[in-house]
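What follows is a pair of forms of the same protein chain, given separately as structure tokens and numbered structure 1 and structure 2.
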Structure 1
């Protein structure tokens, strides 16, 4: 990355926060603190559990409780205990709260219209397209990759989703018991590693390294959530696994994959993996790949797991 790019990002930050700040104050802030407005918005028509609100808005539990109480006093929100877990609280909008939310939505629409209004049709299209690109890429940049315990909730959730997808996509389904293992203890250092990709606290991908012997590692469990595809997260996971492998002294990585997973094969080929003769008897595999690692990780990524 260079000076020009950094300058451009800083400039964007400065200008856009200023413009958005002024507008969102004048539109959303009408009579209601922004935090309350956001909270109403986040509760939504269907209601939400308070713990979800806390993680989504990243609020202190005390602060959130106070905000909810304030909304309750204004008659906009009703709090009720969840049936299954009496500790958990669910917040729902009252009739009044729902009409308030509609007003907020209308104001937000007006705000957006005020941005688009002065522009020509052509400019509007270009602005919207660029906004979508910025949002997508800032989301991509916010994805974090970090090693995790294979038994942690995030790990289990992503592995479950991974198996589910294999079952859906393989022509004869998928049964983990018939496949070569990659059990939790095999993915825990020093036997191996599991890396999770997460975005805003939610796990959206995984990738594992199983150390076979002192020289050879196997890449397993490569998966990215459908909603996060196209952000190059597979590349980053793979690069991070290679960094892990190098750090562990490995010189060769191997992997096998099913013919249904076209995009995975593309990723491996792009990343310098060469197809080789089968090196195991994995029943679900149609292609086997191998890569010899250089002394240093490749340049594009700066992940340090």
Structure 2
């Protein structure tokens, strides 16, 4: 990134916050700030757990509690303990709150129409397409990739989804018991690594590195949730695994894949992997790939000139 890009993002943020009324204490003329109106929308007709609201909106507990207390004083929201978990609190809209939400939705539609109204049809299409692209890229920027314990709930859930997709897509199904292993102990340092990709507190992808010997590693368990595809998460997971491999002193990465996973094959080829002769007896593999990595990154010198 460069200084021009930074300035453009800041200018865009200022214009959007001004146009959306973020700075006003009476969003859409309803006598409350945007933060409270947004919280009503997120609670919705069905209600929501407070901890989910905190994660979804990235709010600290204290600020969220103040917003909820304000909405409670206005008679729009009530809080109650969840029936199946005494530790969980659920926020629900009162009848007045549901009516207010309907009004906010109607006014929001009118506001959106007022933005589009002065534009030509071509300009409207361009604006909406640009907004959709900004939303997609902002979601991509919010994705976090980090090492995880392969026994953690997020890891187990992503691997279960991965195996389920393989079973659905492979011509003759998939049975993990017949495949080459990548068990938790094989994906725990120093034997290997498991990386998870997350967005808004939910796990949306995984990738693993299994260290075969001092110089060779194998990429395993590459998966991205269908709803998150198109955000280039697979590329980021693969790059992060290569970084782990270099840090571990590996010089070559290998992987195998099934012929049904054409998008995976395209990813590996784009990322510099070349197809090679089979190097293992994986029963579900039709293509084997290999990539030679660069030298191990040098640690920055702490010597003073």
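Numbering follows the first chain given and starts at 1. We call the rigid core the largest set of C-alpha positions that still match within 1.5 Å between the two forms. These numbers were taken from a predicted model, which means no experiment stands behind them.
- Matching each structure to its source, the form predicted alone turns out to be structure 2.
- Core-superposed comparison between the two structures: the CA of residue 263 stays below a 2 Å shift.
- Once the rigid core is overlaid between the two structures, residue 92 counts among the residues whose Cα shifts by 2 Å or more.
- The Cα shift for residue 211 between the two structures, taken after rigid core superposition, is smaller than 2 angstroms.
- Superposing the rigid core and comparing between the two structures gives a CA shift of 4.4 Å at residue 50.
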